[in-house]
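In structure tokens, one chain follows: the form predicted on its own.
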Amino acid sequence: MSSRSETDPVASPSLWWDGLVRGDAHPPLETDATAQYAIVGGGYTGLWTAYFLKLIQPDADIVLVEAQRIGHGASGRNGGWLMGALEGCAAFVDDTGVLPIAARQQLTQLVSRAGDVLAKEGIDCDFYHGGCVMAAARHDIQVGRARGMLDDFWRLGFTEDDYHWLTPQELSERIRVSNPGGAVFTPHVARIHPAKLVTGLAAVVEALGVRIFEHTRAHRITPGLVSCDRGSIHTEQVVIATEGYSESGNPLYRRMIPVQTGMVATEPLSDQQWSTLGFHQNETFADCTRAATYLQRTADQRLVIGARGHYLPGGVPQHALADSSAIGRTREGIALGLFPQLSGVRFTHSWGGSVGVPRGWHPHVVHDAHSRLATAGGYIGEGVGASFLFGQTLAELLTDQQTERTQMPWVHRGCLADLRRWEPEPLPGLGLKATMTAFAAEEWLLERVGDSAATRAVSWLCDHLDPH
């Protein structure tokens, strides 16, 4: 297995930020301020909310504060999938067990709508609407998982136009994995460059008149007041858009916990190398493993590979971009297991970060008209597309608009305290560690002994541990 070269340093461990030209940081808030809307968090949710607020109310006075720099959290670190999907859709079904047609339409139209807005605003973030292949790609057991996934989508009310089966031959025509067993294909996913999207969106909202302050930590958020390091914001309404970076003093603290994910990236690959891999329509790709892998072909012809993973002691978010070399090698191993033809290719970047996980394991939009606090999140790693939809929904709720989006089943008109808290530490960490250990044991057995009594026993355990 090839590893990153110690003699070939990069400016950033993350491919997304390496070489990206950024202007000077916005100044921190160093005095008291007043605003109609205060948004805490400079990621996709906060920025899309600001954007849609400005479309509805061009004269709205909006202040946005970010504890680090714009895109410091998951918005600048993620896998670059803009999806027309939500994690945990089963929580939103009607009495017949089907996702309401209006909700399905919001999701199936999401990617095209987002692409239209990006084009309109001139945000160049390598957007490519190529769909997604979710494949049985390594082990025979994955065929059943992929078939089960397809059945789940159909039970929710989606059709073959939304999700359909690819035979092993059809899979190989798109993506040339080591053991093609078939796949689910959906057109409702686009590839993007996360850092280009978040910085481009920030430039757009600033041009619309939103006041942005970076390196400004909101250490206490209460109705009508956001207290920061060196000043406070007196405001009519507060939007909390901090996701997995919701720390003490934030009403979302312990209602959202950070789980770490990470990625590795290859060196740029030649046309000949891509001819052995596929990805000719710039499809995003996942194999049906419990570790939730996510891959894409980047605009500069690299393959990036990500997977969910670990939990930091104490349930704190990951602020450093760099991941350990051991974690990086694990993800390189995933890549080589899927694509042995990558043997000898250099992996040049390895990075990680946190995604927010709610106790209910499905996302939410919450608007409390009494306290005038609002939030959206709980994306569990699927927030690139969901934040576009939820940001628009928040803007409509904040301005008393009655739209189809404000009636969606993931919208709650209640207090933030209604969101369930996680159990005290160290219970969440122990639970996740046990789950990931079982997942790893299943993979180890599948690699070495295939289908066996021991493998089936561990798979049964994994089925009961998997929150999905």
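Bear in mind the structure is a predicted one, so any value in this text is a computation, not a measurement. The first residue of the sequence shown is number 1, and the count goes up from there.
One more form of this protein exists, namely the form predicted together with a small molecule; it is left out here, but the text below deals with it.
Residue contact check for A218: one or more of its heavy atoms lie within 4.5 Å of the small molecule in the model of the complex. A residue is said to contact a partner when one of its heavy atoms sits within 4.5 Å of a partner heavy atom; I62 fails this definition for the small molecule in the model of the complex, lying far away. Within this chain, T261 lines the site of the small molecule in the model of the complex, having a heavy atom no more than 4.5 Å away. At the 4.5 Å threshold, heavy atoms of E442 stay clear of the small molecule in the model of the complex, well away from it. Heavy atoms within 4.5 Å of the small molecule in the model of the complex belong, among the stretches 418-426, 434-442, 65-73, 402-410, to residues of 65-73.
For the residues F339, Y311, F158, Y294, the 4.5 Å heavy atom test against the small molecule in the model of the complex is passed only by Y294. When the small molecule is considered in the model of the complex, only one residue from T242, T393, T199, S350 comes within 4.5 Å through any heavy atom, namely T242.
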